[in-house]
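Only one chain comes next, encoded as structure tokens, the form predicted alone.
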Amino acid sequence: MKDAFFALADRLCGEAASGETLLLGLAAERSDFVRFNHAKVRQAGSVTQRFLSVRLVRARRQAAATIALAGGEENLAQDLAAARAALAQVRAALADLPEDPWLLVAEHPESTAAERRGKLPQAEEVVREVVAAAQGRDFVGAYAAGTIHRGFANSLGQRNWHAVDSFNLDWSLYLRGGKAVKSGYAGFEWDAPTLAAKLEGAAAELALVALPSRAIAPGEYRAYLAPRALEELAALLCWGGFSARAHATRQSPLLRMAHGETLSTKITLVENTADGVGPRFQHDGFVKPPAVTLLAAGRLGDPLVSPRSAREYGLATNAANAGESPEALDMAPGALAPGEVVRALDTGLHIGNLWYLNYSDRPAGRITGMTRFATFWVERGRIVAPVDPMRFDDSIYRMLGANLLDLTRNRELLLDTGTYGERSTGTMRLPGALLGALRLTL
């Protein structure tokens, strides 16, 4: 796929006229998809797709089009004809377009190549192992796996390539009446014993979910947020929290941190592109650094700066995406051992998942949402009963600041489950968080 893309790029870039910069992007994948219900396969299939974006820049104007490619060197002539037609279309459109004041594309070629090959069994083997491990349980979920390819080329001679193998099995064990345990298994090397262990752990939690529920009154309680619960908080913070544009326009939920407010010194967040699924380059041709420290020991670090924000606000870009949101977020681990979580919690809430999160007061970093699935009441270091969903409303400066007691030593790799149009390349690697207090409102 790489050779075919670069051969096409060489031909097409040679047709850029004087004063034009041509930028080409490839988004391709070969993916297997399987849906499960009642521990049986309900739908299975595979997708092979290749999309080429053709973008032309001239005199501070730009136009772009996207086409599907047949792929392969044997189809080069067919793909080249389609790409030439797209180029002619965007070239004709340029004259009617206004100048773009914040347009910024890379002018100094920086070529890269990276391939991360995993160990992914055939989909049929995965199905056999999942069905066998989930036998006798109401297992529902979706499996997506395969190779994701990204490529970039421009008429200045830059060539970038990225290929990575990954898998993501997102699943729940269902009990009845909205009671379930949600879990998942994702990574780069499939391991059947790891899946079996995760399923056994979820089955043990499901047995606890079946116990009579405990009603608790609104108030403040010690709480443990499992990595998947913390993922929801982190995802909301990614909505403007680390964006240079959001800070410049005073719309960031972490705006108070720019004026002296801090989180716990235990909180360090890094955009760890080097260990993520996504490529190190983006569609303007800029190459990302291996890592950007967003929060360092509870203090605001470097923002994510897209090329457009760099142009608008006079900053240096670090090749962030247009939304300036993290794509490979890593939180540093703490000191709490996995087996010590319940004992350290002592009495309070053990929360497996959160959902429906939103800002109740964005400038103040205040967040509201619901507990979901496998939330338990713990007394004296022992889980005694499940707790029905409740609403919380609390500040990020309390949850990950004054009230953060510790983070777990182990972290979980969480891949974005999005597959609309293409498989997402977003990842998070997060620990669990032990809080001295979480405010429940109803």
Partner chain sequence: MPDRLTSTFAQLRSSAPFWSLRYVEETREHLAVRQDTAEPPHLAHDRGAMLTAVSEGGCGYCATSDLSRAGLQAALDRATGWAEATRGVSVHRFDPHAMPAPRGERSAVGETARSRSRAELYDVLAAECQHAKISDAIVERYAALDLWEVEQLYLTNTGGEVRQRFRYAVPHAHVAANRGTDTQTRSFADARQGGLERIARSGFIGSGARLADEALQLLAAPDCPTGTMDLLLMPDQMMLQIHESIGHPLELDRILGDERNYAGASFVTPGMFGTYRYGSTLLDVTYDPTLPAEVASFAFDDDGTPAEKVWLIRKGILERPLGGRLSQLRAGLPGAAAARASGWNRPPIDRMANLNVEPGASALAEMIGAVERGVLMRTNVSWSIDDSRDKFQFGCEWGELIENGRIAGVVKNPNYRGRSATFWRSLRMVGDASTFEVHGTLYCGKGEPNQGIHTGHASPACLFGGVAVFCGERG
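Definition used throughout: the rigid core is the maximal C-alpha set that superposes within 1.5 Å between two forms. Residue numbers count along the first chain shown, from 1. Keep in mind that what you see is a predicted model, and the values were worked out from it rather than measured.
One more form of this protein exists, namely the form predicted together with its partner chain; it is left out here, but the text below deals with it.
Engineer: Among 344 to 352, 290 to 298, 266 to 274, 309 to 317, mark the stretch whose residues have heavy atoms within 4.5 Å of its partner chain in the predicted complex.
Structural biologist: Of the options given, it is 309 to 317.
Engineer: Would you check, heavy atoms only and a 4.5 Å threshold, whether residue 363 touches its partner chain in the predicted complex?
Structural biologist: So residue 363 counts as contacting its partner chain.
Engineer: Does residue 381 make contact with its partner chain in the predicted complex, using a 4.5 Å heavy atom cut-off?
Structural biologist: Heavy-atom contact with its partner chain at 4.5 Å: absent for residue 381.
Engineer: If we define contact as a non-hydrogen atom of the residue within 4.5 angstroms of the partner, is residue 58 a contact of its partner chain in the predicted complex?
Structural biologist: No - in the predicted complex, heavy atoms of residue 58 and its partner chain never come within 4.5 Å of each other.
Engineer: Heavy atoms within 4.5 Å of its partner chain in the predicted complex: does residue 198 have any?
Structural biologist: Outside the cut-off, so no.
Engineer: For the spot marked by 119, 328 and 425, is every residue within 4.5 Å of its partner chain in the predicted complex through some heavy atom?
Structural biologist: No, none of the three is in contact.
Engineer: Since exactly one of 213, 194, 75, 111 fits, which has a heavy atom within 4.5 Å of its partner chain in the predicted complex?
Structural biologist: Answer to the contact question: 75.
Engineer: Of 405, 34, 385, 27, which one comes within 4.5 Å of its partner chain in the predicted complex, counting heavy atoms only?
Structural biologist: Flagged contact: 34.
Engineer: Heavy atom within 4.5 Å of its partner chain in the predicted complex: which residues of 97 to 111 meet that condition, in order?
Structural biologist: Residues within 4.5 Å: 97, 98, 100, 101, 102.
Engineer: After superposing the rigid core, is the C-alpha displacement of residue 30 2 Å or more between this form and the one not shown?
Structural biologist: Result for residue 30: yes, a 2 Å-plus shift.
Engineer: Checking residue 185 here: with the core superposed, does its CA move 2 Å or more between this form and the one not shown?
Structural biologist: Yes; residue 185 is a residue whose C-alpha shifts (by 2 Å or more) between this form and the one not shown when the cores are overlaid.
Engineer: Can a Cα shift of no less than 2 Å be assigned to residue 370 between this form and the one not shown, given superposition on the rigid core?
Structural biologist: The answer is no; the displacement is under 2 Å.
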